[in-house]
Ligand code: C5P
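In the block that follows, a single chain appears as structure tokens, in the form predicted on its own.
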Amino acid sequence: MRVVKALARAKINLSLDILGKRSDGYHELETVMQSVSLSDELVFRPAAKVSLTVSDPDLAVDESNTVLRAVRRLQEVAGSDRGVEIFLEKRIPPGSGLGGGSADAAAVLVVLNRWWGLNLPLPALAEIAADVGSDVPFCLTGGTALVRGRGERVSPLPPLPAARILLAKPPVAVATAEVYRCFRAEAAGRRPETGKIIAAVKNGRIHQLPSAWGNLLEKVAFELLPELAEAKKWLQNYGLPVLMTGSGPTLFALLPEGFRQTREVRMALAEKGWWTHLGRLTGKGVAVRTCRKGGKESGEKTAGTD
């Protein structure tokens, strides 16, 4: 019996611009997304029925979970009630703006598309992904990409260098729906310069990103959680470029080469109850390994246009 393991990698937003409100009630987005090395791990085993267990006891395992939503959509496409047993090792904090639920759903689509012999091409899989969640189409392949609409239009960009980043999340939450409800375009402040960000990505000039990046949801999140604004200023005092990802509340900082105060920063944040993670930018979204008899892994495969 095969066992398949998948790494579902988190994302950050190098920019997040809101162009208006759509007729379907969603906001029209233009954002540059980037995969990072932080990942959840999903383990798939053959089974007669669908079941999901999770390492985090506070995480729902009903149909509200994006993992099961992705499974159900593929069952509909397959026209059958095929089963699978899934264990989710949760490492990406829920409700963090890091796209953990979307990454998990993308991993399900990638693995079961192959395992169940559906062999849907990437465009067809991306359509299903858009039904499951806004960030899921990007998470299928990950890397660096310009994402538009509700998240369904993904244009890949050249990969960025594997720069070090620090992720920092406070011990309080902010609901995505609340952030968007409070958003007012006229009061959002400086918009990101998406064209300049894309040019910097294409030229591999990562040091140019902070001068052009921005997140229009940051001001709203800072008003709802003032400690976020304080933490951003505190991190900037170390000379770090800092931005909030998604609707928050996680901040990320690009760490310059030779930066030697990472431990000091993490310890100070930990004393305040913040979760932190030291990672890197990565060019991959979902990475899949097949484990054969004896637990030996056959190597890593990454989702792509195949």
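Just so it is clear, the structure is predicted and the values come from calculations on it, not from any experiment. The first residue of the sequence shown is number 1, and the count goes up from there.
One more form of this protein should be noted, the form predicted together with the named molecule, which is absent from this view; the next part is about it.
- Proximity of R164, I206 and G283 to the named molecule in the model of the complex is absent: no residue of the three has a non-hydrogen atom within 4.5 angstroms.
- Of the stretches 223-231, 126-134, 194-202, 90-98, only 126-134 has residues with a heavy atom within 4.5 Å of the named molecule in the model of the complex.
- Residue contact with the named molecule in the model of the complex: W116 places no heavy atom within 4.5 Å of it.
- Contact check for R150: a heavy atom falls within 4.5 Å of the named molecule in the model of the complex.
- Not displayed here, the named molecule is approached by T176 to within 4.5 Å at the level of heavy atoms in the model of the complex.
- When contacts are judged by a 4.5 Å heavy atom cut-off, R266 does not count as touching the named molecule in the model of the complex.
- Checked against the named molecule in the model of the complex, the candidates L29, V67, L255, L243 yield a single residue with a heavy atom inside 4.5 Å, and that residue is L29.
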